Structure formats: C-alpha cells, structure tokens
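The chain below stands alone and is given as structure tokens, in the form predicted alone.
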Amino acid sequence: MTEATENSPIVVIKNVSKSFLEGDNCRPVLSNINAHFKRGGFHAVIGRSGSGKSTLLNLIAGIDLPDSGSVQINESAINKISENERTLLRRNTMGIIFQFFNLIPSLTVQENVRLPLDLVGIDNQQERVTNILELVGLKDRRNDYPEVLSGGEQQRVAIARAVVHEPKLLLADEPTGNLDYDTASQVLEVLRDVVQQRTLILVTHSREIASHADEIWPLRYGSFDSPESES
C-alpha cells in the first residue's frame, strides 16, 4: 500500500459512479464524482434524501465498491484491494457512527465501547474506555444498558465506541437524524471535542447541522457542487 504524506488528502474520490439494480432497471445514484477531503477537521456532505449520501459513505468505508473510478484512503485505492484488506482497513483506520446507534442491547455502555478494542487487540482497555466515556459525559453511566439511556446518550455512546481505538477517519451517517435540535447540537459539540487530530466526514440533509462543519460539500443529483468553507 502507498505510504501517505502528512499533507496529502486522507480521502480522494476520482471519477466515481455507482448504480443499483431495481428490478430490471438500473438506477444511477452517483455520477462521475470527484472530491478530496483534507486531513483533520470536520467535513459535511449535504443533500436531500436519495441524493447518494449514504452510498458515498459506504464507498469510502469500502463496504460497497464503485462501478467505475477509484476511492483512495491514505493514497491507497480501496477498490483495488481484497475484501479482507478492506475489513482490516475499516477496523484499524476508521470509526463509523450510525443514525440508529447500533448498540448491542445485552451489553452495558462500557462493554459496547470496548468492542473495537477487542477487535484490534489493544491493551489498557479499561483506561481507554473510562477516558472516552468521561470525554462524552457518560462515565457515571458506564454500567447501564442502552435501553435506559436517552437518544442523545445512546448516540454519545456510539461516538465513544467509534473513537475509542483512535481511528484517523470518522464517518458519520446522519448521526443526529433521530434527535431533537437541542440534543443534536449537544451531540455535535461532543463530536467536535473528540475529533481533535482526526478527520470527520458527516452526511446530513440539514443545512443547520452542516453549518457546524469546516467545509461543506453539496451533493445534488448524484454530483458534487464546489465545496463551501465555513471558516
């Protein structure tokens, strides 16, 4: 795999197209898109429902593959490597935050957060889990189960789980979509606190949510408009 340089973009999308079969019809979702996401900071991809936002995140994560073009992470084209290599890349390099939390109900808060550490074989797990739960304001709820938490608290657990193994790239798919505005704003502040030297790519349909980002990429009709800087 190619070694990335400090100043190179962490994600580069080159001439990517993606379509899906719906019965006998082929529905284009992304059409020859190009983008680069620099290292560090908060990048928002904004678009209405069906614009291809979640498809784009799945391509960046290597969960899905483009029909044409390439997706590069750290200057390596992930659509050119094996499925096993993509799995390891996700596990070691990325943290993914979902709209519906995806917490395991039979595990406590701290057990949910510990899962990525088990997968990558990191030692000093309890110290890491305690530190990240303190950062997201849930240290006192570490022994509780997800069902007794509010939506905002569950999303903060999901954020803690996504960052506990210190990934360089965070991908967030409408992470505030199920929250009221005040709770969503609190969750975004937590995201800001945990990003630090990491890169966050968040997709949303909300201009208010996107306005928290350093850079906004409007996605319309399967293609990107020029990015907008919020700085």
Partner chain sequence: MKIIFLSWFREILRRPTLTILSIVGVALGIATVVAVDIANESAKRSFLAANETISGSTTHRFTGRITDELYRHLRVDLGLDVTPVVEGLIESDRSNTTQLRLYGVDLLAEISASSNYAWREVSIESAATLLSNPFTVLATRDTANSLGWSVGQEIPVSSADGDFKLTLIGLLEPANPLQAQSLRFVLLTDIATAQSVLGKQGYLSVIHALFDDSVQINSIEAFLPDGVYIESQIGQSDSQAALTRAFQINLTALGLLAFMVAMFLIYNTTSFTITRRQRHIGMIRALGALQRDIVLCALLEVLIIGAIATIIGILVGIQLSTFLLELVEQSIATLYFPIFADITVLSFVTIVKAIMLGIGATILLALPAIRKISSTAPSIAIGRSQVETQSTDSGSKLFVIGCSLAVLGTLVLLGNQHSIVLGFFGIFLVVIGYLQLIPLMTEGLKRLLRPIVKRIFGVQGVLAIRAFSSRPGQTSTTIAVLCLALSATVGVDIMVSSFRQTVDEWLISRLRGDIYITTPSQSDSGLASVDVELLENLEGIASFGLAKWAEIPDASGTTTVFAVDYGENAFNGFQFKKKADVDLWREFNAGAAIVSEPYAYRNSIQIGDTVDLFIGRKSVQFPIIGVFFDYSSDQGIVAIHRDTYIRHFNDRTISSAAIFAKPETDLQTIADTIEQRVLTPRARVWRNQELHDASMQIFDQTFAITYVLRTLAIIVAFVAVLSALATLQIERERELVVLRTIGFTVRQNWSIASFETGVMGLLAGIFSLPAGILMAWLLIWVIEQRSFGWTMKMQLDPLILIGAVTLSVVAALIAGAIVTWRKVRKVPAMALQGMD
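Numbering follows the first chain given and starts at 1. What we label the rigid core is the largest C-alpha set whose atoms superpose within 1.5 Å from one form to the other. This one's a predicted model, so the numbers in the text were calculated from it and none came from an experiment.
Quick note: we don't show the form predicted in complex with its partner chain, though the next part is all about it.
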| query | finding |
| --- | --- |
| All of 98, 102 and 114 with a heavy atom within 4.5 Å of its partner chain in the predicted complex | yes |
| Proximity to its partner chain in the predicted complex, single hit among 147, 140, 127, 123 (heavy atom within 4.5 Å) | 147 |
| Proximity to its partner chain in the predicted complex, single hit among 79, 108, 131, 93 (heavy atom within 4.5 Å) | 108 |
| In the predicted complex, residue 58 touching its partner chain (heavy atom, 4.5 Å) | yes |
| Non-hydrogen atom contact residue 195 with its partner chain in the predicted complex at 4.5 angstroms | no |
| 4.5 Å heavy atom contact, residue 161 and its partner chain in the predicted complex | yes |
| Exercise: residue 166 in contact with its partner chain in the predicted complex, heavy atom 4.5 Å | no |
| Among 62-70, 198-206, 185-193, 29-37, the region lying within 4.5 Å of its partner chain in the predicted complex by heavy atom distance | 62-70 |
| Members of 67-91 lying within 4.5 angstroms of its partner chain, judged by heavy atom, in the predicted complex | 83, 84, 87, 88, 90, 91 |
| Threshold 2 Å Cα movement between the shown form and the other one at residue 96, rigid core reference | no |
